[in-house]
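A single chain, nothing else alongside it, follows as structure tokens in the form predicted alone.
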């Protein structure tokens, strides 16, 4: 007999566990097609799983009663503050207004030349080697450099900043908690020094984000030093691991599919459209969490205050009801840009325009310089649970 909760089958799938590459998507596809909703009991609090496109969109729009207190259904009590994600309602809008100008299309456009320049520099460092661990040597390094530039900090600081952020990320997924805590302190101290330097030597707040955070007022009050540091930490966490994740999957796909890679080589102008379809297929995060603030009903499910809800981004983006033949890579797919890779509603990803730029730039510049590459023979590709990303991606090419 199938176990159910309010008529929803139970899911016993631990989505925080590692699998072979694409293993999580296979599990998601099967569970989505077998049942519209599920209740997953693999975490202490458990969570209601919204899996199909229309339901996930509706879930994102319930921001008035489903809050970001639980940002991840898998890890709803992370204990780490994030801003502006932790805010809801009017408080969230006010903080977003301070930061939004730096992520608007025009602001991202101003970074384009630097994005190309830094991308080319990194590729040219790797090209003579004939191979690299794409994840460790490029996919995380590139967004780190752009993140530092976005904050107005020296790109060269990536040399020591990157190991700290890597140790911190590892702590979220079973790594050494003491090492992660130490790394977090180093990152916080780094941002604290940067903010203090800006207080002493302010720059144009229209061009420099840290200066903007210092001079901004919300309801007439300055943003506290602690909150500014939290914003910086949040932008780092939101922008680095996610871009690494997308790039790892994209380059695995292209290394295995000669026809799709040939299209990218022959038509570099298709980079932005290709990035969009890749974002549908391999979204930056595959799930978001919400916590029910007020008890209510959702399509026959009675949810209690404090319940956790899974908004299945990766599942919705491959829902055949919305995207026919969802496993096919189709540049210019009709309605393809309606994917949920960046979420939806007021908490939609702040950095989506920057992420799009980064992916499109990498597709263009990499394939102009290293058009043909392969995955090193004998490699077993493993994807990390919780926040999907590849542990390693060894690529080889002729020099």
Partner chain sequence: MFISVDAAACMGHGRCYSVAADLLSDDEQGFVAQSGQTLRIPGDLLDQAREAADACPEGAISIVEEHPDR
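Residue numbers count along the first chain shown, from 1. Because the structure is predicted, anything quoted here is derived from the model rather than measured.
There is also a form predicted in complex with the partner chain; it is not shown, and the following applies to it.
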Q. Given that the partner is absent here, does residue 253 sit within 4.5 Å of the partner chain in the predicted complex, heavy atoms only?
A. no
Q. Does residue 104 reach the partner chain in the predicted complex, with heavy atoms at most 4.5 Å apart?
A. yes
Q: Spell out, yes or no, whether the shortest heavy atom distance between residue 352 and the partner chain in the predicted complex is within 4.5 Å.
A: yes
Q) Is residue 367 close enough to the partner chain in the predicted complex to count, meaning some heavy atom within 4.5 Å? A) no
Q | Check all three, 276, 337 and 344, heavy atom within 4.5 Å of the partner chain in the predicted complex | A | yes
Q: Please name which of the stretches 262-270, 94-102, 136-144, 221-229 has residues with heavy atoms lying within 4.5 Å of the partner chain in the predicted complex.
A: 94-102
**Q.** The unique member of 69, 36, 348, 374 whose heavy atoms fall within 4.5 Å of the partner chain in the predicted complex
**A.** 348
Q. If we check the partner chain in the predicted complex, which of the residues in 363-399 reach within 4.5 angstroms of it by a non-hydrogen atom?
A. none
